[in-house]
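This document opens with one chain alone, in structure tokens, the form predicted alone.
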Amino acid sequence: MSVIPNQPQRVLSGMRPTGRLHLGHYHGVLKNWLRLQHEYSCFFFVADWHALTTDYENPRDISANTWEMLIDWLAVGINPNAAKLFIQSQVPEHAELHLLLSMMTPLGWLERVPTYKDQQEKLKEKDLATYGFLGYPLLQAADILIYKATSVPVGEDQVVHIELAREVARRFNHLYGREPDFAEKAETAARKMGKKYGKLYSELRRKFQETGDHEALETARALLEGQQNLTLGDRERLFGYLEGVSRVILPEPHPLLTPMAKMPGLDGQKMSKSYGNTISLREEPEAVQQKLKTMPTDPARVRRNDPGTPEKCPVWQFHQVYSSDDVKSWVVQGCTSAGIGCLECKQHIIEAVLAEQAPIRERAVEFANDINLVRNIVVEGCEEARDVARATLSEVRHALGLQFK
């Protein structure tokens, strides 16, 4: 397995720039980011190149949409001191790694990604018979691998993309991790541990490889972690040599499964701009009230005294997100007995949504009025991301024999 024990726990996640975000983005992605930024080293990026894979004919809005989205990230509480915020196209190492990985990635791996044909079917009005669209899962893999991310937060439908990144990393390590004189270099690295620890490492390695003794493997890993006089390259060689494989250059990432977003749209479908059923994070209170007051309800409740069924009403889905158990019990009792009207039922949702939006809207105004602050945050995030990306790409170039200095 192409992993490095005890490597930094790093999370990578990105969003295509679609402009101002809505409540579905907040409950489906951003609330999870708010938690992760305090638990991992997080890299959150605007996937502007990914936007081009489907919208290459109309790229003019990408820049404006990027800044609007970044303002929303900051407004909800994504902290640039806790997470690195950057724009994909401002870290060109993503593109170079994508190119280098494309040289060794079998075409069939990309063609079998389920979303390839699914998206072509859904977006029939667009010409997606392009190299960029076919290769976007590999660009995603490059996004992940360039930071040696250990975890990627995804829903179950996106796990296949992480598996592709794992396969690509595994193939790369197999092809290029075996340096010339790999065993000799590993033996030389082991001697740097000193006679006592070098001998112990060799004994533990033999036990694991000859008898499959996993206790010996874990002991050897702990031994390597405790060695202060080994370079990173030597440590990676010895981890690979320990298991009888090559040097781990690109560690395999793992999916960090996130719960399915529960935020419905105004019509009961998934909240999406394409459905026209959204409430944006910064929407004016008057507009929010109007949208919620006029959203459809249980069609059986034609008149005020008609009893209804909450499960058939889109408003009930909002209660599932925003209401306490006591309020939900009140809704069920009142709706099924016609004891409350639909406007009474909606009022609790209106108040909850407005309360949630108020601090976000206030902070968004501050960032929108100081766009230079937002730009400076992103410039700094891009520089920090590039430092990490450059280091990985240097290793990749070296493994491929593309170092000419």
Ligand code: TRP
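Remember, predicted model here, so these are calculated numbers, not experimental data. Note that residue numbering begins at 1 and tracks the sequence as displayed.
What comes next is about the form predicted together with tryptophan (TRP), which does not appear here.
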_Interface stretch in the predicted complex with tryptophan (TRP) - options 172-180, 274-282, 153-161, 229-237, non-hydrogen atom within 4.5 Å_ = 153-161
*Consider the chain as shown here, without its partner, and state which of 377, 70, 47, 62 has a heavy atom within 4.5 Å of tryptophan (TRP) in the predicted complex.*
47
*Option touching tryptophan (TRP), based on a heavy atom within 4.5 Å in the predicted complex, out of 386, 16, 397, 20*: 16
*Hey, in the predicted complex, is residue 144 touching tryptophan (TRP), heavy atoms inside 4.5 Å?*
yes
*residue 105: heavy atom within 4.5 Å of tryptophan (TRP) in the predicted complex?*
no
*Does residue 12 reach tryptophan (TRP) in the predicted complex, with heavy atoms at most 4.5 Å apart?*
yes
*Using 4.5 Å between non-hydrogen atoms, is residue 133 touching tryptophan (TRP) in the predicted complex?*
no
